[in-house]
Structures are given as structure tokens and as C-alpha cells.
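Heads up, the chain below is alone and in the form predicted on its own; it's given as C-alpha cells.
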């Protein structure tokens, strides 16, 4: 039976100094008053001022919203949407990592469709068009500038909601690797491992396609080749390659979906407010072992990239590749055991019962109940 594939991405402007096209892009989308979303860290690094300078050079009016934190909250999107409507803005620009970009999507969604952000949890529940969006990623990891995902924390339920719709894909993504030069070592690693997990999970996804698989494998190769040199040298050449990898991984997971690892990571973020990127080195190898029986050949392909060569059998290559990934993550000096970021083991059962409802689990290659997820967490403890 022939499958039909869909592949959605924004217009992409990539390269050093490409941030200078921000105002022109907003104008091309019909913008006259920009609603700029970013955060304090990018203010301090000078990038918010640089974007405002570019907007003013294009004679665009603007308002600025910065009430965004890591793991953006539902009430922040509601407040932002109210401010957007009050100010009469007509285009949204997001500058930042996954948090400002996801918050900007939530603001655009509530401003244009009404209601509460919780009304749109899940897939394909958005019915009206969003305002034009131009996104400028400041990290090489989240892929929110490429994807049809927005992840927002429901504070009352302590749940990170996954909202998925083609409508959430920004009109334009401006990817300027120069912004990465002001990122800390911790954030470079967390972002790159997030992109690596996007690539791995999208590659083994039940709805992967030839169009996503090539992007997944490209991202894996680039991250393994350039992450450690980027951390050691802060070389712009290596940082630029991580930007390319993040973009490729974003193309892949936006169209192929993710899996059990991200379902667990979202629940961890909602319950414990963990830094998303630093959950992956802990969970990804264990989720890969759980999925091994359902996608041995694909995990062996990943294993061959990690090992640099195939071993005697597909099974052997796959298993050794997972071990190599654990070693690789351990060498990055990041947490590799769940107990390093979660103090209360008794809450893991509730966490897994929450994770089993995450939409990301639908595309995992092997069916998983909450007991399976709990076993993964125990293995990672």
C-alpha cells in the first residue's frame, strides 16, 4: 500500500548576519507594528537591542514582551495575547530558544483563536489562521522555529502540553549562527543534545518518511562531529554546523513526530521544571533499548554512525551504538542518571501516568504503557 507523505517547513534564511533581514521579512508579511517576544538573557547579551535597531531601520513600530521563562507557562501566553491585542500589533517576531518561540506561538494562537491555551492541547485543534510569525532561534536545538509543535506548561496540572498543528509553523525562520557565540557551554550542550534526540526519535518514528529520515541522519552525523569541538573551541565554524544540524532535526521531527523519550521529558519538565535539554542524556539510551526490538535495523544505522563502522550483526551494532551514546553523553559532563535531577523517586509513577497521555507517544515505534515508562525511569535512576 502506497503511503502519502506531508512535509511542512517555513521559509528559511540561514547565514552569519542574517538577523539583519528581520525588518524586511516583517514588512514582506504585511507587518506595520511588531510584537517582539524574547527574554532577559538575550536582552543582557545585546541581541534584543540589535533586533529593535533592525526594525527601526525598516521604520517599523514595535512593542516588546519579555515575561517568558524556561518551560513557558500558560498564564504568560494569556497575558501576552491580551497585550498583543491591546497594542494592535500585526506580526510576531520571536527571538530566543525554545521557550520564547513556544510562548510566541501560544500568544499568536490565543490572540487569533480565543479561549485558553489548554483548549488546543493535542493535535490539529486550531481552526483559524495565526498572525504572521518570524522566528530567530538563539540556540541550536529546540527546532521551534521550524516545527509545528508548541510546548506550554499548564501550571495547575503541572503538565507540559504538546500543541501540534501545521498552523504553528512560522512563516519565516532566520537562523544566524553569530547569536550562538554568546551562549554558555551548558546551553550549547543542552540544545545540541535536544536536537540529537529530535533526530533519533524522528528517525525511528512510526510515521517517518524518506523526506524526514535523510534529515534525521544528517543531524545525527553533524552533532556527533561538531558538538565537542564547539564546546572546546567556541569556533564559529563548529557552531554553524550545529545550527545546520538543529535545522535538519527540526525538519525531521516536525513532520515525523517524536516518541517515548520526549513524552517523559515533557512530564519531567511539567512536574519538576527541569531544563529540557539536560533530560535527554539521561533517558535517550534507555528509551532506545526499550524500542530496540521494534526498530533494530534503524537503531543499528544510528549505531554505525556512533561507532564509525558496523559490527558483526545488526543486533550487535545497535546494542553497541546505544552503549557508545551513553559514553558520549557521559563525556559531556552532564547528568546521566535520573536521580541527579529528581530527588523524589516516589513521584515517578505519577509522572509516567501523566506521560502516557502525551501526544508524542503516538509515534513511538513500540507501544508503551505507563508501567513500561516507569521501568525506563527505574533503569535510568
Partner chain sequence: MSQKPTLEDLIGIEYAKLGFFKEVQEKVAELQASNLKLELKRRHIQGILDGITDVMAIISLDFRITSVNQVFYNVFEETDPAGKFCFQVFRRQECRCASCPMVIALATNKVCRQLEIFPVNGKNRHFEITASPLRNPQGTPCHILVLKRDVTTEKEYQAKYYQAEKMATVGVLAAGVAHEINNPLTAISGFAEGLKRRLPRLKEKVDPDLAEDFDEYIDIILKECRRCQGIVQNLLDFGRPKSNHFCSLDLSSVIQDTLKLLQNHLKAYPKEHIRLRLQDPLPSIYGDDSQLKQVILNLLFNALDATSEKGCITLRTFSRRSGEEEWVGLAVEDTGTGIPSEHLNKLFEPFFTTKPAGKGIGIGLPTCYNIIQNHGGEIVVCSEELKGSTFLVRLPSGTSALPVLTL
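Positions refer to the first chain, counted from 1. Bear in mind that the values here come from a model prediction, so they are computed numbers and not experimental data.
Below: the form predicted together with its partner chain, not depicted.
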Answer option from 190, 300, 91, 126, heavy atom within 4.5 Å of its partner chain in the predicted bound form: 126
Within 4.5 Å of its partner chain in the predicted bound form, heavy atoms considered, which of 356, 314, 332, 69? 356
I'd like to know if residue 241 sits close to its partner chain in the predicted bound form, meaning any non-hydrogen atom pair within 4.5 angstroms. no
Can you tell me if residue 310 lies within 4.5 angstroms of its partner chain in the predicted bound form, counting non-hydrogen atoms only? no
Considering non-hydrogen atoms and a 4.5 Å limit, does its partner chain approach residue 121 in the predicted bound form? yes
Is there any non-hydrogen atom of residue 171 lying within 4.5 Å of its partner chain in the predicted bound form? yes
Within 4.5 Å of its partner chain in the predicted bound form, do 164, 207 and 363 each have at least one heavy atom? yes
Of these, 260-268, 283-291, 93-101, 199-207, which stretch puts a heavy atom within 4.5 angstroms of its partner chain in the predicted bound form? 199-207
